[in-house]
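Only one chain is included here, represented as structure tokens and corresponding to the form predicted on its own.
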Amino acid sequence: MDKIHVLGHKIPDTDATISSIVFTEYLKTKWVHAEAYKLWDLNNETRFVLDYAWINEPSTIKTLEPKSKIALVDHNEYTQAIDNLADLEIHYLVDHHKIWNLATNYPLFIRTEKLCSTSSIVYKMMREDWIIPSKEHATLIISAILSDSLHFRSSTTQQEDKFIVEELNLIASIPNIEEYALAMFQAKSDLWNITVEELIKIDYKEFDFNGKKAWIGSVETTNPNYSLNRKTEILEWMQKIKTTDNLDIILLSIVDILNEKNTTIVYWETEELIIKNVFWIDTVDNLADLWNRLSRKKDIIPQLTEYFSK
């Protein structure tokens, strides 16, 4: 069989990167020729995790030759996938998001579950097949769960995710999970050497809400004031991005990990009205206090989807 290219989503976060790595290893145990790739540069948290586990970064690709065989992990939307997805053959899909607009003309392997990270699902597949991950890969999976759950603070966290971390740490032997998670988040919050454009694009996803093109970004940090103090610059760049990408909606959430608080920067009156109608919250000076809505996947996107479907 030709090589399976294992791909996470654009603007890769820690779970997208790690799930591509560990799912590749899972496929290799099935005698499948597979290799993990990333679609963009990694953030500082993911680099910290890979360095800690002594794992090399996946190579970066933008497109593949038509008819190339691929596996999608941690996403299933065209807007978040490799640019020429329509020309490729999807053989595997492993994800923990809702199923959106992906369709194929042939059967494929699909595994989705309501867990906080795709890496959690990959580990369950390994366990079901009696595959014991290496110390390095156990460390990676723990890291992905801690990242996506914000160390179990996010509403997406399941009890099973916590159990997986406990079980895998028998292999990984991370001395103190809480201290390790904080070190991860501090690495993620190291934003001093990036531009405002890079700050805004550090973790964004594009969505289609019933024909409305939306760009929903997030900055998860232990130092929210660094981003909020640059609000004027951020708004200027949000205007440029909205115009250049022909967006109907653009929002950027600054998520305070430690205090479990979401302050969303709202660009224009259109977005202010949406925030008011969906969350019953007023925007003051381009800021909306969304309280403890920490998860874009569970606390933001489903509500916007329902609103625009009416």
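One-based numbering along the sequence shown. Quick caveat, the model's predicted, so the values are computed rather than measured.
One more form of this protein exists, namely the form predicted together with a further copy of the same chain; it is left out here, but the text below deals with it.
Of the candidate stretches 126 to 134, 172 to 180, 146 to 154, 212 to 220, only 126 to 134 contains residues with a heavy atom within 4.5 Å of a further copy of the same chain in the predicted bound form. Though the partner is left out of this view, residue 100 does reach within 4.5 Å of a further copy of the same chain in the predicted bound form, counting heavy atoms only. Residue contact with a further copy of the same chain in the predicted bound form: residue 104 places a heavy atom within 4.5 Å of it. Of the heavy atoms in residue 75, none are within 4.5 Å of a further copy of the same chain in the predicted bound form. Looking at residue 188, you'd find every heavy atom of it more than 4.5 angstroms from a further copy of the same chain in the predicted bound form. Screening 208, 113, 236, 197 for any heavy atom within 4.5 Å of a further copy of the same chain in the predicted bound form leaves a single hit, 113.
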